[in-house]
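A lone chain, given as structure tokens: the form predicted on its own.
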């Protein structure tokens, strides 16, 4: 489970800025990414990645056993991670590129300025999943659209970059350290507990201590972040701000504006 400032405010942003408004926007499309990822080409590429990783894991284990120092182990980890990533890029990169081109092409033909993951939409939006799949399965290369997506009333933030804001990262790192400390204390108490009731009490005490610290240390920053996003969204006349992870195409990036709000 992700514990971060961004994770704490993410759900609140989706609720605070009504997602249903997307149904009133004719330029918003939706895409079922799961359906696209289940296309035979993607399934086969992923199968090859898994097979490659299985063989790589055996080599990795043998190399790690022969490592003479922590530095050697780190070099091996870096090497094998790079080899896996290179294989993933080789197998999946062209498919992702074709998918992105298909999405851009369909969006342009339908005058859509933004495409979001269908899983976050309760109602509304124009589903382009079938059109994208048909285009991806067509023979030959896919022609990229000439124009870029027009300005959108849908904004997005990159939660990874939000978490990296110094003030937020310091608070989150401190909370994670506190959580680990409380886990160790709870584990010690648990080992001395003699009954199920005592063990349940240790667990409740740990959960309350961590929850109280989260409310005290992270929630105010999450509220501040949510407020900053809402203010920026209003100034830019956005009707909705979502996590970048749910955005597939287009949209207005307000991440830099949020970062500047904390300077």
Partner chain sequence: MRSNRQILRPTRLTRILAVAVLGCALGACVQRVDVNAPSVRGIGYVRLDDVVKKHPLYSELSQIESNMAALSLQSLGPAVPKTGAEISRETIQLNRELDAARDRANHILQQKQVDYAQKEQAAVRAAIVASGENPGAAPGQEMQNTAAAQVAQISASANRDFAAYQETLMLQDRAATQNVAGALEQRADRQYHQRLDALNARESQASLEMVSRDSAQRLALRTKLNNLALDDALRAQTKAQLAALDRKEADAVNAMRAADAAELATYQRQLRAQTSAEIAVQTSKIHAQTAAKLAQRRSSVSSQASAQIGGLAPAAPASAHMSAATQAKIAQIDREYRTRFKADVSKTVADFNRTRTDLDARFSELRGVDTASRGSVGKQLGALRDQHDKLYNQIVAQVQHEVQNLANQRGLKVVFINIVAPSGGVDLTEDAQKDIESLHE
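What you see is a predicted model, and the numbers here were worked out from it, not measured in a lab. Positions refer to the first chain, counted from 1. Here, rigid core means the biggest group of C-alpha atoms that superpose within 1.5 Å across both forms.
Here the subject shifts to the form predicted together with its partner chain, a form of this protein not shown in this document.
The partner is absent here, but in the model of the complex a heavy atom of 85, alone among 170, 85, 181, 111, sits within 4.5 Å of its partner chain. 238 is the sole member of 36, 218, 238, 210 with a non-hydrogen atom within 4.5 Å of its partner chain in the model of the complex. Heavy atoms of residue 43 never reach within 4.5 Å of its partner chain in the model of the complex, leaving it off the interface.
Its partner chain in the model of the complex is approached by residue 229, whose closest heavy atom lies within 4.5 angstroms of it.
When contacts are judged by a 4.5 Å heavy atom cut-off, residue 129 does not count as touching its partner chain in the model of the complex.
Under a 4.5 angstroms non-hydrogen atom cutoff, its partner chain in the model of the complex has residue 81 among its neighbouring residues.
Residues of 189 to 219 lying near its partner chain in the model of the complex, listed in sequence order, are 190, 191, 199, 200, 203, 206, 207, the criterion being any heavy atom within 4.5 Å. Core-superposed comparison between the shown form and the other one: the Cα of residue 185 travels 2 Å or more.
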